[in-house]
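Taking the form predicted on its own, here's one chain by itself in structure tokens.
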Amino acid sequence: MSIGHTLLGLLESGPRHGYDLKRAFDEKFGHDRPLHYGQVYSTMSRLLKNGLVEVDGIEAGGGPERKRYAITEAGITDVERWLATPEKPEPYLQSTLYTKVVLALLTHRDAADILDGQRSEHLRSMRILTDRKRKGDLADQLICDHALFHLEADLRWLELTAARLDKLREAVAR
């Protein structure tokens, strides 16, 4: 995810302080990985340097000065371009799990145990996501569906690989 573009998009509704941007990001996108304050402020500094945001005001308070940021026309154009650019699909051709299975076969370990353990972990994750989806709002349901569909595809791969372990063992032994 492009944090810079996401923060720019959040600024389109109006100027905000870094603290407000972090809170809005975490509420909408950061359930599992909230932003650190330092990440927000370093990103805002870069966006300011690149002319994508401007300081709309500075407020003195009991602590450090609080800058209020506003998106510029260049920032709006950048967000529009980013939103219109399709994301490259992840082909997963360098999978850690695949590497573990092949390495287990090469070292005469039980690759089926690795696949079984991974299947259990996927099912555990799916149960957690399904519970979160059931309790969540529409946005949470959609992000959970996205993750669940990927996990389902992984489970199909695990089953297919388990069914082909003997053939794979022969292929990697050559």
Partner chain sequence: MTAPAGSLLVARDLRKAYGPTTALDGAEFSIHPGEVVAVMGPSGSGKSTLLHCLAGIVTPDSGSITYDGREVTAMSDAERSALRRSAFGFVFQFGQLVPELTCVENVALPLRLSGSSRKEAERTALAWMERLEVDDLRKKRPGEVSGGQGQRVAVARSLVTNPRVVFADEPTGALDSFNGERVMELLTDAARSANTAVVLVTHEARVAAYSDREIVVRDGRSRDMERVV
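Positions refer to the first chain, counted from 1. Think of the rigid core as the biggest set of C-alphas that the two forms share within 1.5 Å after superposition. All values reported here derive from a predicted model rather than from experimental measurement.
There is another form of this protein, the form predicted in complex with its partner chain, and it is not shown here; the text below is about that form.
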_How about Asp116 - does it come within 4.5 Å of its partner chain in the model of the complex, if we only consider non-hydrogen atoms?_
yes
*Partner contact for Thr130 in the model of the complex: its partner chain, 4.5 angstroms, heavy atom*: yes
*Can any non-hydrogen atom of Leu123 be found within 4.5 angstroms of its partner chain in the model of the complex?*
yes
*Look up in the model of the complex whether Tyr37 has a non-hydrogen atom within 4.5 angstroms of its partner chain, and give yes or no.*
no
*Look at the candidate spot formed by Ala112, Asp145 and Leu148 and say whether its partner chain comes within 4.5 Å of a heavy atom in all three of them in the model of the complex.*
yes
*Could you check which residue among Arg134, Arg33, His108, Lys49 gets a heavy atom within 4.5 Å of its partner chain in the model of the complex?*
Arg134
_Could you check, with the core superposed, whether the Cα atom of Ala24 shifts 2 Å or more between this form and the one not shown?_
no
*Would you say Glu12 moves its Cα by 2 Å or more between this form and the one not shown, aligning on the core?*
no
_in the model of the complex, the Cα separation between Leu21 and Gln141 changes by 3 Å or more relative to the shown form; did it shrink or grow?_
farther
*Pairwise C-alpha change, Asp145 versus Arg81, in the model of the complex against this form - closer or farther, 3 angstroms or more*: farther
